[in-house]
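Just the one chain here, laid out as structure tokens, in the form predicted on its own.
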């Protein structure tokens, strides 16, 4: 972002010199309001992942074309957050992670993969999965895991998060046997019990 003279424009810049922008439209902001400049990918560094950058590029291009034609700039789809680290076992986060959630409003379900059937067969029985649900609504909030096949578990969970599914709805989905996803079902069942208890008692869970 250096050397292109952004500091000489009316764009609002953050501490790192990156223009302030609306992630839903990718449109930047100036001192006078919305600007005709759109930002995406590495330039915005909003979520530095290829699939996110591709979405941003599409949103920015379509909105820039709309603006040029005198049409309204529209917000577009931003997908549920998902991050994967390809270690062994893999690490994955779906949603903003536990640290981003409001304490006292959620419950946590957990499963260890040490005794999970398919993981033991594959000699990959290491790891832990936490799933989070909102006490008031029963909705799935996200997950964090160090687990075998975390890349696949994370995708399933990100789809559930984007579709705003409840834990009860997720447990209605099919789970084949024997697969690693049965470990996910165990965690969801654990969470479901805790959510029901918290809702019945009107208490807070952690």
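Positions refer to the first chain, counted from 1. This structure is a prediction, so every number in the text was calculated from the model and none was measured.
Note that the form predicted in complex with a small molecule isn't included here; everything after this is about it.
Interface residue remark: residue 41 is counted as part of the site for the small molecule in the predicted complex, having a heavy atom within 4.5 Å. Remark: residue 48 counts among the residues lining the small molecule in the predicted complex, judged by a heavy atom distance of 4.5 Å or less. With a 4.5 Å cutoff on heavy atoms, residue 53 counts as touching the small molecule in the predicted complex.
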